[in-house]
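One chain is shown next in structure tokens, namely the form predicted alone.
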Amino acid sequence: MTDVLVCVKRVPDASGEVVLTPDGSRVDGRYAGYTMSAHEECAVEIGVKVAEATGGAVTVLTLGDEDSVEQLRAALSVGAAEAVRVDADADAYGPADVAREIAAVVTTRAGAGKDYDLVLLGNDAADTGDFQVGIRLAYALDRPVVTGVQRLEVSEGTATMQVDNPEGTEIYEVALPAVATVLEGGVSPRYPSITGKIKAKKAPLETVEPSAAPAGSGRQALRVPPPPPTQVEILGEGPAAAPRLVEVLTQLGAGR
């Protein structure tokens, strides 16, 4: 039996134009809406699959205000069994703060007899680009960690994790308990069913207080880079443009 804790974050939907707050401290989601990142959606899917295969259960955790309950309910609707919210202003918490709070929940629950064999997080924060939380959490819990995981299976106390990169595929076999950060692309997140949505409304949701005051991220400001320049070339009109079109396609390799 493998019990899994999946950590998610309420972030602005970045599928459209990215807009920063006036002070440049964070991404403004007032107009785009909010969601959880694709990395975390895949982490939830992996967690649910592992729990289903081993007879365990998934708990989903977030640090945020009451609005972040929406993301917890979304995870509950696709297979998580319970949820925990650390009641705090997420914008005031840096990566070290977040890792500390997750570790505090894991430790407190372990003391109460609820151990998490596997803790999953998104590979990076969709709104600030932080890659630190998973690694800091692993150090805090004294557990092994693998980053950029796209597929994961558990058998007899060992997690087999697959990481795909430009150089090839890497396979890690890690003894549990462990931490992994998930990169999107390895699995397809499931859609919630009507039954799942009903269960999500009734599922237990625990609210806890932070273990310490936040130190903050030390970040001064974010910057949205300008869009890459574009260039348009008019090849001609009608049949007279055909020779130039063939030349361009050949240059691009499409004529091979």
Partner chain sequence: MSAVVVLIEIEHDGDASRVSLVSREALTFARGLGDPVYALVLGPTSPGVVEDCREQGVAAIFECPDEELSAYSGAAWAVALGAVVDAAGDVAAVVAGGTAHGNEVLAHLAARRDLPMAANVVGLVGSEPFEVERQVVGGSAIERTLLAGGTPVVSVAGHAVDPEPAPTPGGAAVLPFSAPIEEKDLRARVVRSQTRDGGDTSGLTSARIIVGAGRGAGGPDGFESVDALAARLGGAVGVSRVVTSLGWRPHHEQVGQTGSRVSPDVYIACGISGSIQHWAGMSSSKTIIAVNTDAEAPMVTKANYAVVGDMHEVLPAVLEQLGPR
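Note that the structure is a prediction, hence the values are computed from the model and not measured. Numbering follows the first chain given and starts at 1.
Keep in mind that the form predicted in complex with the partner chain is missing from the display, and what follows is about it.
How about Arg100: is it within 4.5 Å of the partner chain in the predicted complex, going by heavy atoms?
Because no heavy atom of Arg100 falls inside 4.5 Å of the partner chain in the predicted complex, the answer is no.
Would Arg30 count as a contact of the partner chain in the predicted complex, using a 4.5 angstroms cut-off between non-hydrogen atoms?
Arg30 lies outside the contact set for the partner chain.
Do Arg143 and the partner chain share at least one heavy atom pair within 4.5 Å in the predicted complex?
Yes, Arg143 sits close enough to the partner chain in the predicted complex that at least one of its heavy atoms falls within 4.5 Å.
If you check in the predicted complex, is Gly55 within 4.5 Å of the partner chain, heavy atoms only?
Looking in the predicted complex, residue contacts with the partner chain do not include Gly55, since no heavy atom lies within 4.5 Å.
If contact means any heavy atom within 4.5 Å, which of 68-76, 81-89, 101-109, 124-132 contacts the partner chain in the predicted complex?
Of the options given, it is 124-132.
May I ask you to list the residues of 161-175 that have any heavy atom within 4.5 angstroms of the partner chain in the predicted complex, in sequence order?
Those in contact are Asp164, Asn165, Pro166, Glu167, Gly168, Thr169, Glu170, Ile171, Tyr172, Glu173, Val174.
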